[in-house]
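The form predicted on its own is given below as one chain in structure tokens.
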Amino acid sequence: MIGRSPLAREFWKHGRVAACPIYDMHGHMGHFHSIYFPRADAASMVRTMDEAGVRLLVFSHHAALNSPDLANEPSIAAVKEFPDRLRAYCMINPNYPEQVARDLAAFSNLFPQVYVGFKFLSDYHQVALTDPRYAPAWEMANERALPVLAHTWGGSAYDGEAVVREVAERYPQVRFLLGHACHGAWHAAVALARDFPNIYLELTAVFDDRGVIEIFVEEVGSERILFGTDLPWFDPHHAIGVLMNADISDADRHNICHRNAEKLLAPILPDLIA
């Protein structure tokens, strides 16, 4: 019966599963305009992670998205405060090329103690992933085979499925995490994952559409699906509950919750990934 597997039963009883740690590969942090987050600072987010059994969160601070004067500095400070629980994506805002140059220059000194890769939010910045202003970061990630988490949304001129395909063809060594998995264009996301072995489907916001997880597991396989929540936007308990109630196996759940992320991050964080 759906939702009654051994992992699911333990989750319903305890709110977490000891044998199935969670690696949340898509988080944020800090205040955001026009919305109230009760747990948006680093310490509160780690408390939420503890409650849900989240072992590690890889995030980008809202300041890096909206405040080029602060850029990635709040992300750096948070990881240094909780080095065993947090890692950051270096957010690239292509509208500020001088800041991008500074971030890239500093990246190597902060990798992997702070950063594990890059984050692009092209819909927000209204610059397509294929724009030359992103190229220096794409090229560095391709050369080093780094993870890049990019916001992707079905039909978007900035990061929709056609744009993603062009980028994936240009940079085949990037570990390309499709944030939101081209939300709404589910079968296009499946086609991308089939055509490009370096593409991963990340589940933030996918949880709002029943049946999509099953499609991804059946059509792509659970080995290239990653767990994510957008914390503090969404509570991990909700996302884990949806996953536990999906019509997939516990082996698939282990892959999505931790095994895939561990394989992705182990070469970068060998001392942190058991």
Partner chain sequence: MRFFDCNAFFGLPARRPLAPVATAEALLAEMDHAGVDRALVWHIAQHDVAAQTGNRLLTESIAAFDRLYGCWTVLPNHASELPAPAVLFEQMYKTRTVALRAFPDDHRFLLGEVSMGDLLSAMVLRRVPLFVSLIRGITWRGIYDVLEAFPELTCVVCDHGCWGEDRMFRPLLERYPHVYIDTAQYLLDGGIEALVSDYGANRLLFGSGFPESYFGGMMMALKHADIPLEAKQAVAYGNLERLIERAWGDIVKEVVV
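Residue numbers count along the first chain shown, from 1. Just so you know, these numbers come straight off a predicted model, no measurement behind them.
We do not show the form predicted in complex with its partner chain, though everything after this point is about it.
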A43 near its partner chain in the predicted bound form, any heavy atom under 4.5 Å? no
Quick one: is Y23 in contact with its partner chain in the predicted bound form, heavy atoms, 4.5 Å cut-off? no
Contact label in the predicted bound form: P236 to its partner chain, heavy atom within 4.5 Å: yes
If we define contact as a non-hydrogen atom of the residue within 4.5 angstroms of the partner, is L70 a contact of its partner chain in the predicted bound form? no
Checked E223, D209, D50, E219 for heavy atoms within 4.5 Å of its partner chain in the predicted bound form; positive is D209
For the chain shown here without its partner, which stretch in 102-110, 130-138, 199-207, 76-84 has non-hydrogen atoms within 4.5 angstroms of its partner chain in the predicted bound form? 199-207
Listed by sequence position, which residues of 2-16 have a non-hydrogen atom within 4.5 angstroms of its partner chain in the predicted bound form? I2, G3, R4, F11, W12, K13, H14, G15
